[in-house]
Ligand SMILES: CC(C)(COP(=O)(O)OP(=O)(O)OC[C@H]1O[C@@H](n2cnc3c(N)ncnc32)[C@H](O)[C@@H]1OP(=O)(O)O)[C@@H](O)C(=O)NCCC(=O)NCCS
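Just the one chain here, laid out as structure tokens, in the form predicted alone.
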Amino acid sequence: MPVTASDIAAGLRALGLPAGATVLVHSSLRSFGQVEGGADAVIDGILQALGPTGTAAFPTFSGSSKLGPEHPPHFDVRQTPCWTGRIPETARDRAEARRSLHPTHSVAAMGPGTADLLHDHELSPTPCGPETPFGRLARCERGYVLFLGADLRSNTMFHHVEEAAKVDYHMQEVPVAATVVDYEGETRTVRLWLHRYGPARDYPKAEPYLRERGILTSGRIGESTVRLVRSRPMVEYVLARVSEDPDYLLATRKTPA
């Protein structure tokens, strides 16, 4: 049977997503099998579960490994597509959604917490620093990260951890001058550092700890495996590990253990 928005809402409530929460959603539409209403139905289901006081956010990233000082980003919040999947691409086009103005790591959100989550993202010197949607979610008492048919390999919150810990493998060495076009069509230049693509990470290594302590729960909705993680304790644990061992999140260690 096709999965409906009501099925998704019920499944998320059963998993522990509370009304009024703020949740960052990593997603695969295909993972559900057939969804009645497609990507919009998934978004509607999330919003139903959150209720009128909750806020749903979706990564609408547009950066790539080709960007750098010689090829700086150009981002138009109204037109630049994202590469993070059908659900985020659909979310950013919803009438009730707003998208942050960061030229590589924008986030689209809807709900009463949208402005507080997204404001001035483009002014952050790094994509996932403390005054970004990711840093704010890391401090949010009712913050969650939801993985719909995805796993912790997609977890952008761990980029926030890498930036907070100032690991030496994560950022490009020279800042760029990116151009940003806002909702009013005004163009501005922002100076910031970009992510450096590589080396390979092993983000799922944190899952057994998070699951054992109830920070992460999982279940199924339709054919999709769904993970729900409380953002603040997840970040606190992994940041402590990376602060002790800067190579903790790497798939291949740069230095001996």
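Heads up: residue numbers just count along the shown sequence, starting at 1. Every value quoted in this text rests on a predicted model; they were computed, and no experiment measured them.
Keep in mind that the form predicted together with the named molecule is missing from the display, and what follows is about it.
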| query | For G113, is any heavy atom within 4.5 Å of the named molecule in the model of the complex, or not? | reply | no
| said: When the contact criterion is heavy atoms within 4.5 Å, does S27 count as touching the named molecule in the model of the complex? | reply: yes
| Hey, in the model of the complex, does P59 get a heavy atom within 4.5 angstroms of the named molecule? | yes
| message | Taking the named molecule as it sits in the model of the complex, is R78 near enough to touch it, meaning that at least one heavy atom pair lies within 4.5 angstroms? | response | no
| query | So which of R142, H74, R94, R86 gets a non-hydrogen atom within 4.5 Å of the named molecule in the model of the complex? | reply | R86
| query | Here the chain is shown alone; which of G219, P69, G51, G33 has a heavy atom within 4.5 Å of the named molecule in the model of the complex? | reply | G33
| note | Among 184-192, 59-67, 43-51, 223-231, the stretch whose residues bring a heavy atom within 4.5 Å of the named molecule in the model of the complex is 59-67
